[in-house]
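Before any questions on how it binds or moves, here is one chain, the form predicted alone, in structure tokens.
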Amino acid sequence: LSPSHAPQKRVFPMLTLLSMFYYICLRRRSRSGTRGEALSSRRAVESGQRAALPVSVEVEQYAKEVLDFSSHYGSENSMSYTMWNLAGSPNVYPSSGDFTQTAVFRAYGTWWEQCASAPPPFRRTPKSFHSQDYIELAFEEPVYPTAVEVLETYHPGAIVQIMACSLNPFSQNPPADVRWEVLWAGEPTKVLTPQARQFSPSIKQLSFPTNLIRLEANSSLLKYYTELDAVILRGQRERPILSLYKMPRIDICDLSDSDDELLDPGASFRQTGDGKHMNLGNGYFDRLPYELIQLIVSHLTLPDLCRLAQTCKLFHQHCSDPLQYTQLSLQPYWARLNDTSLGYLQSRCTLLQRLNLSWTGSRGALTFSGFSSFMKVCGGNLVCLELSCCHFLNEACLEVISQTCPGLQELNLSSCDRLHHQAFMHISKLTRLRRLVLYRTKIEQTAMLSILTFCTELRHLNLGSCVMIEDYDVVVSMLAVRCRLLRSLDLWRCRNLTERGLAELAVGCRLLEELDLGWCSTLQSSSGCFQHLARNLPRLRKLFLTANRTVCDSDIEELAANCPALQHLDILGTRMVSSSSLRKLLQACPKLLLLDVSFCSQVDARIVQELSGLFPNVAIKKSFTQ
């Protein structure tokens, strides 16, 4: 043979090995008979009977209802920038730009993660878990999905996962076992253009019809807020016939169920030079120091840790050691977590210090009984408890937390909007709290004042979008008296805060580094409140005055003169700030990283381009509407 034919000679041995592997797998599967039936049925379909099958009509539908979500930019009492805009047909698409009729998540980029109020990440979080936000949508008719299309109208690229649920949210008879399946998953992307697009990734086939779709998002790579306009679900009423005859996957595990496999029964024994046999067991692994094995095992994700525990007694001992469970994030596994799962982990978590149950327990997956049982055994050493969007929580759950977690320092109840207002009274018993997140909850003024009375060590407090508090001046005045060590305060979209309350806050909490007053429309610059704020809070690193139309040059110049550590400033929507005061600010604040001047009528795109050239380390934001 000529040299050109030489490579072909080496193909045959490889094909032979693959053929043998495939034959062995087929032989294992043939014992149950299902493989042969599937092959026969598939051949029948492919041999000409396909034309006789009924043609299924594809259904196209927009979301009927928004069931749940983790956050949004908008208010609880309006439709602007809220997740509720995702219900129905498009309001904006195919136009591009910043529109109030779209759905917008609360945060974007890495700005929020850089703040002092951001908690440290949990160890053992899988690298494949990227989700930061979610929204669940109900559609009119259950279908077998063929496509999910997301209409993104501004800074696309945030969607990282699309899931489907077996539960029909409109059915009166929910199934006993609620299943979630991933239709598509990807990584955060940075789209080069902010223009609108129709995002429709290739999705996998489901074995059940669905009308409940969940989108999960990560906006960390985006330059500005992503905006979603509508979601389209395409699918068939009847299960696609070809999916019934899908070829079973061949797994390497199929080779392990035969009596005549090529096994080496003496693999654990090797003959030494003197003819004796030596048991290698774990391959000398058990001779490593206990601490070193613990260090190696600590790099595993939680599922891998549980699987490894089932391999041998040595690894079971290491994988069950409570020191492996001082931090536990169950958020990535929210779709599978239930009372049984918590019960399984209970004996291992007796030294637990940080626990993340965010997003878990919806639709009956977790109950008060399972949660309270776990907390009574594992809550004694807890210092951090993340419960964002945990809709299984009730007053009894918060009472258990207050009784079993005496040393708790961080509590996150973000978007637990179904929790009764009376439940929050139990938080006042957690007197060592330093970080408390109550964003989008129904806490009332009485409970908030009780918390401030007893929790005097608070460093970080988030009351964003807490619409049930009647008088924020009273709350802020109590903060100024009782919590003088406060470092961050989020009052996003709070009502009834006036210059009187803000003045007391500035005098009483002089260590403040972060202050979010976005969309607090009752504050007026003419009262001098913002200038007084700047003079009394020299440590300010983050200040959001979003959508306050009255912010003026004097306020900006006062910040430049008194807040040299400023890193993040949002003055979106003001009509009274000029480029000259912004230039003074940029020169006086060398640590500035983010400056949002969107919809500032005196700051046009030309000025933004000029300032960006002079101060390249500052991300100057200027949104647009097409």
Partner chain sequence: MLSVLSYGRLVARAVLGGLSQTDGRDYSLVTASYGFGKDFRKGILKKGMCYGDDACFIARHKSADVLGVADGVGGWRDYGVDPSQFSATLMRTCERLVKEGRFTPSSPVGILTSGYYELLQNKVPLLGSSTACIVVLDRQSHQLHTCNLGDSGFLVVRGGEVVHRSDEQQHYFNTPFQLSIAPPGAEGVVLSDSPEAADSSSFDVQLGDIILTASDGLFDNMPDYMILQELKKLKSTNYDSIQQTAQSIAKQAHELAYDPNYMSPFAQFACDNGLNGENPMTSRCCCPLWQSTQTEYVMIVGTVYFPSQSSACLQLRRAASSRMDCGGTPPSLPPLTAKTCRPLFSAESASI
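All values reported here derive from a predicted model rather than from experimental measurement. Residue numbers count along the first chain shown, from 1.
Beyond what is shown, the protein has a form predicted together with the partner chain; the following relates to that form.
- Only one of the listed residues (Gly370, Pro188, Pro332, Pro90) places a non-hydrogen atom within 4.5 angstroms of the partner chain in the predicted bound form, and that residue is Pro90.
- Between the options Met576, Val66, Leu593, Ala560, the residue in contact with the partner chain in the predicted bound form by a heavy atom within 4.5 angstroms is Met576.
- Mapping the unseen interface onto this chain, Leu572 counts among the residues with a heavy atom inside 4.5 Å of the partner chain in the predicted bound form.
- Residue contact with the partner chain in the predicted bound form: Phe530 places no heavy atom within 4.5 Å of it.
- The partner chain in the predicted bound form comes within 4.5 Å of no heavy atom belonging to Ser128.
- Among residues of the shown chain, Asn77 is one whose heavy atoms approach the partner chain to within 4.5 Å in the predicted bound form.
- Only one of 298 to 306, 119 to 127, 450 to 458, 69 to 77 lies within 4.5 Å of the partner chain in the predicted bound form by heavy atoms, and it is 69 to 77.
- Taking the partner chain as positioned in the predicted bound form, the residues of 213 to 231 that bring a heavy atom within 4.5 Å of it are, in sequence order, Tyr224, Tyr225, Glu227.
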